[in-house]
Every structure is written in structure tokens, then in C-alpha cells.
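Below, in C-alpha cells: the form predicted alone, a single chain.
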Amino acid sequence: MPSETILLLGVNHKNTPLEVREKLALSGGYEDPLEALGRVDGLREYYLLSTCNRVEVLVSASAGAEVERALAGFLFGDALTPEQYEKYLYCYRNEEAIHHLFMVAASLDSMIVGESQILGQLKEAYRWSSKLKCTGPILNKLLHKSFSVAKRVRSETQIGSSAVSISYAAIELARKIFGSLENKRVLLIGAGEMAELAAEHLVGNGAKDVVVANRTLENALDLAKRFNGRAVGLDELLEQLEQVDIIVSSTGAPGVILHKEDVKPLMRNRRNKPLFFIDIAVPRDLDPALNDLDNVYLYDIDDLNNVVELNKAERDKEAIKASRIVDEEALKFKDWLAGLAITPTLAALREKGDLIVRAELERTLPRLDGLSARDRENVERMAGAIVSKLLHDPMLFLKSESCKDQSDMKVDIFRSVFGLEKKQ
């Protein structure tokens, strides 16, 4: 490990309540906070991440409690006193910091494990740090590595493939029925938030022609406008059912608004084309007996919750595989850092060997009369080979696994033994 320390300090959704996190979250972008962070003494490189679930600083700095205190002060400002924020703040150093960053990038530290938004947020934060020249060789390498770790986790596990929200679970079920959602027609009954969210997912997956049927036409018009759709009254419901494929119902009605007997005659007119109903209202809007009709598929909120719970369990299994990948990549990065620490010493030793060879050749060759040009080349080559062979074993020792966890001490001893200048 180089002489500087990699530090990661922050708060997240696991240990810090929203009322504290919202005091720390950036509201005006990264530029000014990064400039302020750069004024902390002892930092060589720095990076800042702010999302609704976490605020973290990642730095390469000279080791010391002063730097950690200054970074904590930067994070909390006047929002909390040290006594107040002590229970929320986490501080990871070196290998722990690397491992934590990889866990965050792979969304294993997210509120919803496997979500993909965090990687985009990490990259956006990095773009700012890089643009403002806050990062250097260590953090550039570390952050790029975190992105590739996240990509590897996505490609080698199924951690992001199962729906873990009610609205997205509805999409997953719809795909099982229709295969593709391309050009499917959607009817929203009610203009509630859940129906809106489901419609967003449906349209995002290729559905078209959104129709909103609502008791209050004004609300229906507002929601329909969002999806370039049409608004109709509830009294036009049966007519619309002949034309659509997917129905999302979420009214506040006290009882069932659509019965089996209402839908049965419609299926003949539809030539038995499938109808997919999602009932996310409580109490339910749709008659459970609809499921008795051929080519009619009805799922209520409990069905969707069951899908979500099953998928969460699947994600937990995949998270075990993903954690193993993170462990492996964190160890690789630790090795890279260890190699970085000894590189200047290896170069200095090689340079010293070459200087000795040149000095001895300059002193000895003039005394050797009668050497041909070829003889001189052979002598020079022999001197270089002797030094290379002498240095081979010490260099292997310096790179060896046995001293990897004590590289600073090992490098210092090595430099003393070979008379190299102390590293700064």
C-alpha cells in the first residue's frame, strides 16, 4: 500500500434517518462542495457522492486522525455536532474502503439490492470529480475498477433480473402472458399514483394508446396528457375493454366495479384475445371470478406482492454470488496498490545497479589495451548481466506475497539494505 491512505467516510440509509440525510444531501450540484472539500488539508485526491440514500467522501490522503476529523466536519458542517453524528458516521480505511465502494457500485449496499440507479449516480459523481481535476492515478483507477466490478456482477449473476416493485412485477407478469408488450393498448381505471407508475413502466416497455377512465374527468385528462393518451368517463368502461389488452385498476371505490358477467360477453367480440387485469386497489375493484373466464388473467395486490417477495428471495441468493465477486476484485485491487508501493523502489534499485555498472566500466575499460569493439561490447554485456542476476532475487523478494501486508516496512528495510534514499 502506498504511503497515503484511502479513506471513505459517509452516512447511508442503513444507519442514518432521512431527517439527517436530507441535511447533508447536495442541493446545488457537485461543483461548490468539491471546491470546499479540496480545501481540507492532507488530501491528494478526492471524490464526493450524494444520493437520496447516501452521502460519502472518498479520498487519498496522508494518514491521520486530523484528516478524518476534517472530513467528518466537511460532511456534517453545522448540521450536527461530533457527539450527535458519531453514531451515524462510518469510516473505512484502505481495503475496507475499497470493498465498500465495490459493494455500493454493485448495488449490494442499496436499499433495494440489485437496483441499477446507483451505478449511474456513481458515474455522474465521478464525471464531476474528474472534470474539476479532483482525482488522480489512485482514485481514477479505483473508481473505474468499481464500474467494471458492477458490470461483472450484472453479467455473472441474475441480481437485477427479477422485479422487486409492485409496478414492475405487473410488467413481468404481463410479459409472461403477451411475450412482448410492443404496441399493447393500456386502460387505466382510476388516476391514482400506483396506476400512473404501472403505466410508466408499461409505456417504457413498448405499450401504446393509454386510455384513462376516471370518475373525475379533469384528473383523467391530466394523467392521459402525460402519456399522450385519451380520457374517458367510467360509463364508457365496457366499450373500452373491447379495444385494450392491459387494464390497471386503482380506484377508491368501496366495492367491485367490474364483474365477470360484464366481461364475459365482451370476450366473444374480442375473439378471445387475452385480457390482462391488474387490480391494485384496496378494496378490490375487480371481481375475482374474472379469472374463471378463458383468456382472462387477473392479478390483485396480494398476487403482485407474492411475486415481489419471491423475487427478493431470488435476489438475496444472487447477492451471495455477487459478494464473492466483490471480495475477489477487492483483493485484486489491493495487490495492484501493493505493486504501486514498491514500483519506485524497484526502479531506484535498477537505476543504482546501472550506475555502478557504468562507473566501473568507465574506470576499467581504459586500462585494458588491445580490446576490439566486439570485446568491449562483450565485457559491457557481462557486467550488466552480473548486476541483473545479483538483483533478481532481491527484486523477487520485494514482490513476494509473504510481505504484502507490511509493504511500507518492507520497502524501508529494503532501501536501507541497498543504500537507496528514503522514500518521501
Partner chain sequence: MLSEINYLLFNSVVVVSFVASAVYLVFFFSQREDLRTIARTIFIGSGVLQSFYILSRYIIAGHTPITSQHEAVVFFAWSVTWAYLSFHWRYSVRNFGTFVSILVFIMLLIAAMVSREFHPLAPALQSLWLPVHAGVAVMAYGFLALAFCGAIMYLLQERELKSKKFGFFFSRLPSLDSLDQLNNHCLTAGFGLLTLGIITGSIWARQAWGTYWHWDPKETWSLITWFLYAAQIHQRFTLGWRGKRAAVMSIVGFIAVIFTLWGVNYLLGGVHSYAQ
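Take the two forms, find the largest set of C-alpha atoms that superpose within 1.5 Å, and that set is the rigid core. These numbers were taken from a predicted model, which means no experiment stands behind them. Numbering follows the first chain given and starts at 1.
Heads up, the form predicted together with its partner chain isn't pictured, but that's what we're talking about next.
Think of it this way: in the model of the complex, its partner chain has a heavy atom of just one of P283, G136, G179, G206 within 4.5 Å, and the residue is G179.
Checking R175, K87, H259, R324 against its partner chain in the model of the complex, a heavy atom within 4.5 Å turns up for just one residue: R175.
Interface residue remark: E95 is not counted as part of the site for its partner chain in the model of the complex, having no heavy atom within 4.5 Å. Proximity of R226 to its partner chain in the model of the complex: non-hydrogen atoms within 4.5 Å are absent; the residue sits far from the partner. A residue is said to contact a partner when one of its heavy atoms sits within 4.5 Å of a partner heavy atom; R268 meets this definition for its partner chain in the model of the complex. Using a 4.5 angstroms limit between non-hydrogen atoms, Y299 touches its partner chain in the model of the complex. This chain is displayed without its partner chain, yet in the model of the complex the stretch 269-277 from 269-277, 212-220, 227-235, 103-111 comes within 4.5 Å of it by heavy atoms. Taking its partner chain as positioned in the model of the complex, the residues of 278-295 that bring a heavy atom within 4.5 Å of it are, in sequence order, N291, D292, L293, D294, N295. Once the cores line up, the CA of D303 ends up 2 angstroms or more apart between this form and the one not shown. Relative to the superposed rigid core, the position of the CA of N291 differs between this form and the one not shown by 2 Å or more.
Once the rigid core is overlaid between this form and the one not shown, L275 counts among the residues whose Cα shifts by 2 Å or more. Distance between the C-alpha atoms of H13 and I301: shorter in the model of the complex than here (change of 3 Å or more).
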